[in-house]
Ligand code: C2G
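One chain follows as structure tokens, the form predicted alone.
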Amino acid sequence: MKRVITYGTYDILHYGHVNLLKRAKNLGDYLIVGLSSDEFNEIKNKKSYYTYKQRELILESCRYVDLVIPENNWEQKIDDIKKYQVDIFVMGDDWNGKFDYLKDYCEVIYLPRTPEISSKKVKNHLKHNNL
């Protein structure tokens, strides 16, 4: 069985996220998502609309996701790769090169983002339209 892992905040889940999760899942048999905890988001100066538990529930309902684990810090990726026997690490291509150090532990793939959508665009639209 080929295991794939990716990480993110996955706030306000949209079709760009689903595209990324689908393409990540298609690289293997089992997809693990490291979901940024609320505490980790604070460290990154990010504020999610949904809590960790709510985002976890949403991701768990996605047919491409097999397991959701908390992401509590930047450094945990190597331990997660070893613990879950990961074969492929996947991130969006806006992170291109940032995780190449993981190539000592597994294959690293950067997938293209869906260009016309992002959480930031959705939040700005909602704010602009008072929704």
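Start at 1 and count along the sequence shown; that's the residue number. What you see is a predicted model; the values in this text were computed from it and never measured.
This protein has a second form, the form predicted together with this ligand, left out of what is shown; the following refers to that one.
In short, of 60-68, 79-87, 37-45, 24-32 it is 37-45 that has heavy atoms within 4.5 Å of this ligand in the predicted complex. Taking the partner from elsewhere, residue 91 is found to have a heavy atom lying within 4.5 Å of this ligand in the predicted complex.
In the predicted complex, this ligand sits within 4.5 Å of a heavy atom belonging to residue 117. Within 4.5 Å of any heavy atom of this ligand in the predicted complex lies no heavy atom of residue 121. In the predicted complex, this ligand stays beyond 4.5 Å of every heavy atom belonging to residue 105.
Using a 4.5 Å cut-off on any heavy atom, the residues of 11-35 that reach this ligand in the predicted complex are, in sequence order, 14, 16, 17, 20, 23.
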